[in-house]
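Single chain ahead, written as structure tokens, the form predicted alone.
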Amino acid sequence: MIFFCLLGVIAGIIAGLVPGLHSNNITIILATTPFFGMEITSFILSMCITQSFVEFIPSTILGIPSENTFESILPAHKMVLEGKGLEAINYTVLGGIIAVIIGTLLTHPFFLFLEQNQTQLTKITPLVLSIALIIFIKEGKTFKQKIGIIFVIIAAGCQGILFQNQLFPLITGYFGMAGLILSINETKKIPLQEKGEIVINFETIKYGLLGTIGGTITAIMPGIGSNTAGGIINTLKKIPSPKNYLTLLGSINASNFFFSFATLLALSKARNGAMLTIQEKIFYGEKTLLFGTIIMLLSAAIGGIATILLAKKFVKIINTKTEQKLNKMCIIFIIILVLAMNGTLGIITLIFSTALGIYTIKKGYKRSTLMSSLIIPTILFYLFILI
């Protein structure tokens, strides 16, 4: 099993470093292989956990806008422009490590809770998702902004319904292509990145704990991703420090897979593509849960160390010219990947989702609002309006 775990770690590093490539895409290929039981469980869980750490490297370094769009960009990008990119990545690793420790302790109680409350959770799902949409709207500071956010929610929801079988180009357009395209021709100065020293105190641990709660939300509620959970928590409790927010996101990202695996075993329902792949190839029961938890704990340790080491290499080569070249290469790679996996309809989906993503960024709205493309169809499904 160690062999498959290490293979998964390598795959997770590759998937994390290459924008547009995700563990969900790799698991589609694995679904056709003869691997079964503990073998495929080891590979997929180690890959997912490793990617949850490593993927913050390209998302932090690539697609950095200029000061003109400074207010709408991610906290990690702000820190890069301040010369603290390595520090930003390290805080996401810290959040992930906190989540892994807590997840290891709470996965089994969480599993038992889900088993005992399956019916009640199904009933409240549409209500919780509707509250998430209301929280998005409340983010608007003026009436005009609220109307604009409602437009984005409706547009994203319509795209989610129209392109419901095109999840990869839909999400990639929103959160990948839009930022990459906007950053290509913008002129900005990326300063020399400082050493990534971090401070572990009560605040960072607190936001790591909050992120773990966010991870349980993403694991239970279909349609809510890590960015959405982070946006909801940030709305309910304003997080002024980018460091704390990054700790929160790192924690959500890692804990999501811990609790998604427990959700799969307890409810026989997958909350992401990776879990969907293994649900027909695993043995259900508490022994599998314990085995998976150990695999994820081991992979998190390796993934965290790998992220810190790789981040040091990346920040040494980053400057405006190399960043723009990498952005162009990523755009080409994403287009080729979408065409290969989703065909012409995938390209059409990518165009529409990218356009809405660019509009959202230009208007200064939170990009987590675009997750309405998953939330609205899910609400309609649970209300038996959409099949």
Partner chain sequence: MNEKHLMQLCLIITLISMLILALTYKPEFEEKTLGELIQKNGSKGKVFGRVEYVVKNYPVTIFTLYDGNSATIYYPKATALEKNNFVTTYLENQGQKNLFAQKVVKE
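Please read all numbers here as calculations on a predicted model, not as lab measurements. Positions refer to the first chain, counted from 1.
Just so you know, the form predicted together with the partner chain exists too; it's not on screen, but the next bit is about it.
- Just one listed stretch, out of 254-262, 292-300, 105-113, 138-146, contacts the partner chain in the predicted bound form at the 4.5 Å heavy atom level, and that stretch is 292-300.
- Although the partner chain is omitted here, in the predicted bound form all of Met38, Leu94 and Gly304 have a heavy atom within 4.5 Å of it.
- Contact between Lys313 and the partner chain in the predicted bound form is not found at the 4.5 Å heavy atom cutoff.
- Using a 4.5 angstroms threshold between heavy atoms, Ile198 counts as touching the partner chain in the predicted bound form.
- The closest non-hydrogen atom of Phe151 lies beyond 4.5 Å of the partner chain in the predicted bound form.
- Using a 4.5 angstroms limit between non-hydrogen atoms, Ile308 touches the partner chain in the predicted bound form.
- Out of the listed residues Lys78, Lys206, Lys269, Lys281, Lys281 is the one that sits within 4.5 Å of the partner chain in the predicted bound form by at least one heavy atom.
- Just one of Asn90, Gln166, Thr212, Thr218 comes within 4.5 Å of the partner chain in the predicted bound form, counting any heavy atom, and that one is Asn90.
- Residues of 138-169 include none with a non-hydrogen atom no more than 4.5 angstroms from the partner chain in the predicted bound form.
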